[in-house]
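First, one chain by itself: the form predicted alone, in structure tokens.
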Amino acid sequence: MAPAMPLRIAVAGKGGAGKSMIAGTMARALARRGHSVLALGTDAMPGLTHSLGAPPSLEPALAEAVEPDGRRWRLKKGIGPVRAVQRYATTAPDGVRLLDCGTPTGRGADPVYASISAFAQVIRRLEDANAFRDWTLVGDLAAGPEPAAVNWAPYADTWLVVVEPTWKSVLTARRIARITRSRAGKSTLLVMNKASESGLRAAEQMLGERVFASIPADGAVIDADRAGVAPIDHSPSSPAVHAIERLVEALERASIDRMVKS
């Protein structure tokens, strides 16, 4: 199936809301619909890796892409976004490519800082890389509003703010949405996770707006996490996976609508 057009998505929200599960399952579903997908793990926790079913990274690989520049790091000569993905991204099922900022190891903080610096430089140059012009980008951001405030997803034209039906999650979602909606040309959509019918209605009242999509509370997601298996592999017919597949279809339609209106 040939995709209509590439998407540029960042997934944000409070910790524990399920953003990594949604981002990873979306990336796999998009790949199955014909997209060439680059998943971007902006969270040092390996939630996106697990949700994709990708092999775990034992070292912050991008640390090899930079060299010291005074008190900072700079990309080595010849390393740009394309070369960084070719050399340091891993391959997940369905052909999804995963580039992450690096997970802490026992070798101290320097490799992680170097990897995060390299990652930041790479994602800020993705839009200028012709090789990725037809790729779909899915970013999983670290928890809370700060990643949105400092724009850890400059490539994104659509922000999915994941919220679960609790006041803390709702308040975090509101803060993130205010930040992302202050930027011209960006679309911000709220996605309810772990939703029951009554919880969805209550959360929408707390939010003061309708959500774009809802994903039901699903024990299969918990079982997949306990088993260390991607939800889309563990229970491909589960209600949550089906809801995320419908979310992907809705995002494709919304993207086409924006293109037509422009």
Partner chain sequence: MKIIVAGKGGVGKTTISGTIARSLARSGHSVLALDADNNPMLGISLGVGPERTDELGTLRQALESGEVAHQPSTAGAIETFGTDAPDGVRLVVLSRIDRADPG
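Residue numbers count along the first chain shown, from 1. In this text the structure is predicted, and so the values were computed from the model without any measurement.
The following text describes the form predicted in complex with the partner chain, which does not appear among the structures shown.
Contact annotation: of the candidates V112, A129, I179, L189, the single residue with a non-hydrogen atom within 4.5 angstroms of the partner chain in the model of the complex is I179. R183 is the sole member of R124, R83, R183, R74 with a non-hydrogen atom lying within 4.5 angstroms of the partner chain in the model of the complex.
Highlighted residues D223, H234 and H242: none comes within 4.5 Å of the partner chain in the model of the complex, counting any heavy atom. The stretch from 153-161, 171-179, 112-120, 83-91 that comes within 4.5 Å of the partner chain in the model of the complex, counting heavy atoms only, is 171-179. For the chain shown alone, P145 is a contact residue for the partner chain in the model of the complex, at least one non-hydrogen atom being within 4.5 angstroms.
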